[in-house]
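Just the one chain here, laid out as structure tokens, in the form predicted on its own.
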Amino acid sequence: MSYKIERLDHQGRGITYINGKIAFVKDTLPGEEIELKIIKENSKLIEAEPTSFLKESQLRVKELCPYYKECGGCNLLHMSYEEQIKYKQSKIVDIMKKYADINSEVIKQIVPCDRQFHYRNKVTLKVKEKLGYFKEKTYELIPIEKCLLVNDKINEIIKILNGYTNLSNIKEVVIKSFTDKETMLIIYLQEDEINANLLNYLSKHVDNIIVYDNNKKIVKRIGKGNIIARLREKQFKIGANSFFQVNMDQTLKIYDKIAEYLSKNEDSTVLDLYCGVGSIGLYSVSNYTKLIGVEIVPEAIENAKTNAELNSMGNTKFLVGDTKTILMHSNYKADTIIVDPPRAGLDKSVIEDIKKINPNMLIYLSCDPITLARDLKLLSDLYDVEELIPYDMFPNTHHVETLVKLTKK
């Protein structure tokens, strides 16, 4: 029996209907007619995958990655980049209207990425004799030789690791590389020891190696333990556990826009919540601005303090702790608040504390439009969305980064 794909959902899956029940079908495009296989079904919905295409969309392109059908890391690679951009723009407009009642007039055109491939400066890979990704929604490893999303230096390290004969005690690796000159390899072990010969082999190719045992305690460190990322004249030290945006090209565009927002309020106080290594605030504010950063990861705050010194930013203060707890027990005043929360968005208590601080401007950077829309709705009694800009931070995936400028009513 054939089925017609009606549209795409917010995760990039095709939507059709089987016996009146909605069905989500991966790797399909609107207008395509397919035969399918049901993978999962419950009382409300069906998940399926195509077994044959009776009619293909003219918008379909040949996938360049040999692992695409199994890996799950990319889910829009069968769509031209132009169509990916159109899809993401439509998705943002739809979500913001449906869940936050935001007028589409304030939503700007999505900012495309200059590079569709090789844009990522970090990757996390599972290990079972070889490096790879888990097949979508399973623990089955798909071994890879290279990934089209990561930069050339990371792919070089993947090749080096795969070239070693015995990786049996390693369960996961994280590779970071912002330039060809500096690299970091973070190794998580199954047990407590790492093969000395493997370390010697890797140390010839990687600047920094940090090894964690099964209890996530460091058992070996080679190199200085951090690497430097550069954005124009600014530089940022980044440790093993410190978050930094994975796409430097798009990060620069976003940070330039935030700096533009802040340029008219130089003699002010900026509260930077979920600040990581301090990159947004330290890049965007002037030396005349008082910057207060809050972050729960201790290593990131140590990096942030160092980064303030590296960039000659003296009027700064960085605090380690849960944003919710710190705001609850403080009496901060700020003209502007910047938030860059994890995918879960803002805790309701954080939103209430932001309202109590009552800044004139709130800048919200989000990696999840659904939780962003929820939070914007909760803020809408005191703040108007002046501008909302989507950025394609993650080409070939359904993910979108969104920057929002809110001003007090």
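Residue numbers run from 1 along the displayed sequence. Since we're looking at a predicted model, the values are computed, not measured.
Another form exists, predicted in complex with a small molecule; not displayed. Remarks below refer to it.
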query: Interface stretch in the predicted complex with the small molecule - options 101-109, 77-85, 292-300, 208-216, non-hydrogen atom within 4.5 Å; finding: 292-300
query: Contacting member of 250, 284, 323, 183, with respect to the small molecule in the predicted complex [4.5 Å, heavy atom]; finding: 323
query: Option touching the small molecule, based on a heavy atom within 4.5 Å in the predicted complex, out of 27, 375, 340, 32; finding: 340
query: Heavy atom distance at most 4.5 Å to the small molecule in the predicted complex, all of 243, 274 and 280; finding: yes
query: In the predicted complex, residue 178 touching the small molecule (heavy atom, 4.5 Å); finding: no
query: Proximity of residue 236 to the small molecule in the predicted complex, heavy atoms at 4.5 Å; finding: no
query: Partner proximity in the predicted complex: residue 119 to the small molecule, non-hydrogen atom cutoff 4.5 Å; finding: no
query: In the predicted complex, residue 255 touching the small molecule (heavy atom, 4.5 Å); finding: yes
